[in-house]
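This document opens with one chain alone, in structure tokens, the form predicted on its own.
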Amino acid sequence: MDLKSTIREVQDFPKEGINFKDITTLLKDPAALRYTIDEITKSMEDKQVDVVAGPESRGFIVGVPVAYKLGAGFVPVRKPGKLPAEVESYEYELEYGTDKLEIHKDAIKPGQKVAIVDDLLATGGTVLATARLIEALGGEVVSVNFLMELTFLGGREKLKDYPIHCLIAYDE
């Protein structure tokens, strides 16, 4: 299936010079959505995944059906102040400043095999922070999965210690 044809590109969003890849058009297409979830799931069928972790917010959209299909649990990774119980936090560098992600301290048990699922691999910072949170709780990141990758941003290099699977690559 040609997934790229189901993704709308919006010029100059959220700011001038950015060509935003809008997955809402893929999500509303039943065949494309089913194919996406099936293909992401296939890439990790042999990994014995216990938990799927998805960073806010599109990681939730893609990660929950993947977890369901794998027979695994799902854990949200969120921006600060969004989770109600005790959290583990990880602050990471952005191009101009810092950002922070949080996960519930009881979300991952030591030794659990965790797959990270998100919609987009860009610079890799969010998913690397997600991996660090999982590892801080004793989990093992066994797979990192994306719907699409912006190869020109070099995010794969930040995640070189993890097995990466992407369905679509954009070279520009």
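Quick note: we count residues from 1 along the sequence shown, nothing fancier. This one's a predicted model, so the numbers in the text were calculated from it and none came from an experiment.
The protein also exists as the form predicted in complex with a further copy of the same chain; that form is not presented, and the subsequent description refers to it.
- Contact with a further copy of the same chain in the model of the complex holds for all three of D22, L33 and A107, each having a heavy atom within 4.5 Å.
- Among residues of the shown chain, S43 is not one whose heavy atoms approach a further copy of the same chain to within 4.5 Å in the model of the complex.
- Interface residue remark: I18 is not counted as part of the site for a further copy of the same chain in the model of the complex, having no heavy atom within 4.5 Å.
- Interface residue remark: S57 is counted as part of the site for a further copy of the same chain in the model of the complex, having a heavy atom within 4.5 Å.
- Interface residue remark: F13 is counted as part of the site for a further copy of the same chain in the model of the complex, having a heavy atom within 4.5 Å.
- Along 79-94, residues G81, K82, L83, P84, A85 each place a heavy atom within 4.5 Å of a further copy of the same chain in the model of the complex.
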